[in-house]
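Form predicted on its own, single chain, as structure tokens, below.
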């Protein structure tokens, strides 16, 4: 069985939620696997992340270099090629950075590549059975992949429940000297933060989030009434922003805001991976949608198949009575 490595994304000294999700993904490949982490960056923030995730990984490979203070896929790719053994299984988050890093890494390693992985169905010798999704989650595809020369797998955020056991007790190994030449052809300039809106949904404990199922801008009022009754805030999916019905600061998803509520009500939202990629922290998800095959039902704790325009007012009345 090839060795499994997970690349850990982090920000401001804290690992992304995907760090523990990839532990769970690795155990789906091999329950007895000894999983190693790779963390790149610079300074005290990097050291903190390495120490924090050592509880979840058998070994943490640290690459400390000033040019890695901002994650640049071109640089990280060079480092990974030099420090990871040939034939490894490499797990990456399927986000904008992972999609930049993964394909080129597989080419450099002369290994297979599978993007947007949502599940595994076991391994038979060198053949790994993988589940992906197509057509915005409407169809599941079952892929067999020869991993004899290794494989790079982009794991969809949020589909594997985070492994909170933290029982690995791993050690941190400094691989900075083995990373090789990290010169680049593109240079990081700056981060431009999105303008804050009237409500900061990233700090909301409860969100009533609306999608195409709201049908008309005038119907947003019923979602706002529900949110007021619950002490929640209203957020939305991208089509609502594209229609200019709500401001960009209310959008949840990879091209919007990343939220970590305790409760997330997905009202008329299909649940594309771009939307789900903006939901972190394993909230309690309640999904309401007319389409029984909507991908949101695959991640929801409670799924209700009905028209939100009928459901929301009834729920609002019921909460007000309580």
Partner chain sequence: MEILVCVKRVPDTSENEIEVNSSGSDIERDDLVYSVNEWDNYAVEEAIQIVENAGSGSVTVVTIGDDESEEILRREMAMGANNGLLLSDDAFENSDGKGIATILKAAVDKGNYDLILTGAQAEGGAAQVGGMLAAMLDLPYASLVNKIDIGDSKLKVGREIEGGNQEMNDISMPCVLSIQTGINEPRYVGIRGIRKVASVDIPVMSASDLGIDASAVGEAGAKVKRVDYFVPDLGDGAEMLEGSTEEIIGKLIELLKANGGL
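Each form is matched to the other, and the largest set of C-alpha atoms that superpose within 1.5 Å is called the rigid core. Numbering follows the first chain given and starts at 1. Note that the structure is a prediction, hence the values are computed from the model and not measured.
Beyond the structure shown, there is the form predicted in complex with the partner chain, which is absent from this document and is the topic of what follows.
Undergrad: Check whether residue 37 has any heavy atom within 4.5 Å of a heavy atom of the partner chain in the predicted complex, and answer yes or no.
TA: Heavy-atom contact with the partner chain at 4.5 Å: absent for residue 37.
Undergrad: Is there any non-hydrogen atom of residue 175 lying within 4.5 Å of the partner chain in the predicted complex?
TA: Contact with the partner chain, no.
Undergrad: Would you classify residue 146 as touching the partner chain in the predicted complex, given a 4.5 Å non-hydrogen atom cut-off?
TA: Yes.
Undergrad: Can you tell me whether residue 291 touches the partner chain? I mean in the predicted complex, with a 4.5 angstroms heavy atom cut-off.
TA: Close contact exists here: in the predicted complex, residue 291 approaches the partner chain to within 4.5 Å, heavy atoms only.
Undergrad: Just one of 282, 65, 58, 254 has a heavy atom within 4.5 Å of the partner chain in the predicted complex. Which one?
TA: Residue within 4.5 Å of the partner: 254.
Undergrad: Only one of 159-167, 110-118, 84-92, 175-183 has heavy atoms within 4.5 Å of the partner chain in the predicted complex; I'd like to know which.
TA: Stretch 110-118 is the one.
Undergrad: Is the partner chain in the predicted complex near all of 140, 190 and 297, within 4.5 Å of a heavy atom of each?
TA: Spot residues vs the partner chain: full contact, yes.
Undergrad: Given a 4.5 Å distance limit between heavy atoms, list every residue of 45-80 close to the partner chain in the predicted complex, or none if there are none.
TA: Heavy-atom contacts to the partner chain in the predicted complex: 70, 74, 77.
Undergrad: Has the Cα of residue 77 moved 2 Å or more between the shown form and the other one, judged after a core fit?
TA: No; that C-alpha moves by less than 2 Å between the shown form and the other one.
Undergrad: Rigid core fitted, is the C-alpha displacement of residue 313 between the shown form and the other one 2 Å or more?
TA: Yes, residue 313 moves 2 Å or more.
Undergrad: Residue 37: CA shift of at least 2 Å between the shown form and the other one after core fit?
TA: It does not, since the residue 37 C-alpha is displaced less than 2 Å between the shown form and the other one after the core fit.
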